[in-house]
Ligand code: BMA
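Let's start with one chain on its own, the form predicted on its own, as structure tokens.
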């Protein structure tokens, strides 16, 4: 099914690319996946609801970024011992992955009776995983780590919740990926706009000639429930706390049947994007919290939206 408008993102004609029927163990959803290139392959880390309602993270492989095969066992399940077991008891969700040097760092939401925190893990081969630390208190979600240091420090975008300034994007810094601080607000929802209810980091930012491209999600409340869409922000190459531009328009909204209707209706939600050498980017999103989809766009077009039709971030 083609897009209802001339979207800047070209939906893959084979969507959805992954559903629960493709998973060799019992799950009810496949969504909100991070995708990264590794040894010439594409690795997808996807979230699934089990039949008890709690979530695990599976793993799938692809040669072309479109056709994925799920491995026989999940990749991350709630820990059963140590401090992680306390804070992952209700499930693990929404992974994001970035490569720093020769290691791949994964952030994920850890749910428990104490709320939601962010766990940090790493792998070198996507076979074994090492949990490193719980890097936030409650209630933080949607953490993405930049794949480069800035003046010797790591940087991340996150989305804490406050009743005074709800669901905005912040930046924080760290010397070691474990201890974070020097936090500041960098972007807020826009009143009476497509993202007026809340925003949050989506895919791991990637470098372009004009800045770091941040594909984020924004939510708009309607009389029929909330609508999740995708938008763009461009961060300065040297100082990611400085936002060069925010596209005034969304780049993707729920349109296909599997995005409009599902576990949560009217949702497109990204945790992963893979820039390619030909100047395009593959963008991956969960449809209605039920299936995985992919589309492609020209990176220059996305950057242009931030520079030519921009609004203030705050």
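These numbers were taken from a predicted model, which means no experiment stands behind them. Numbering follows the first chain given and starts at 1.
Omitted from view is the form predicted in complex with this ligand, to which the following refers.
S.K.: Hey, of 33-41, 253-261, 58-66, 266-274, which bit sits against this ligand in the predicted complex at 4.5 Å between non-hydrogen atoms?
M.R.: Result for this chain: 266-274.
S.K.: Spell out, yes or no, whether the shortest heavy atom distance between residue 228 and this ligand in the predicted complex is within 4.5 Å.
M.R.: Contact with this ligand, yes.
S.K.: Given that this ligand is not shown alongside this chain, does residue 140 nevertheless sit within 4.5 Å of it in the predicted complex, heavy atom to heavy atom?
M.R.: Result no; residue 140 lies far from this ligand in the predicted complex.
S.K.: With the cut-off set at 4.5 Å between non-hydrogen atoms, does residue 94 touch this ligand in the predicted complex?
M.R.: Although this ligand is absent here, residue 94 would touch it in the predicted complex, with heavy atoms inside 4.5 Å.
S.K.: Just to confirm, residue 198 within 4.5 Å of this ligand in the predicted complex by heavy atoms?
M.R.: Residue 198: yes, in contact with this ligand in the predicted complex.
S.K.: Residue by residue through 37-64, which ones have a non-hydrogen atom no more than 4.5 angstroms from this ligand in the predicted complex?
M.R.: Only a single residue, 47, comes within 4.5 Å of the partner.
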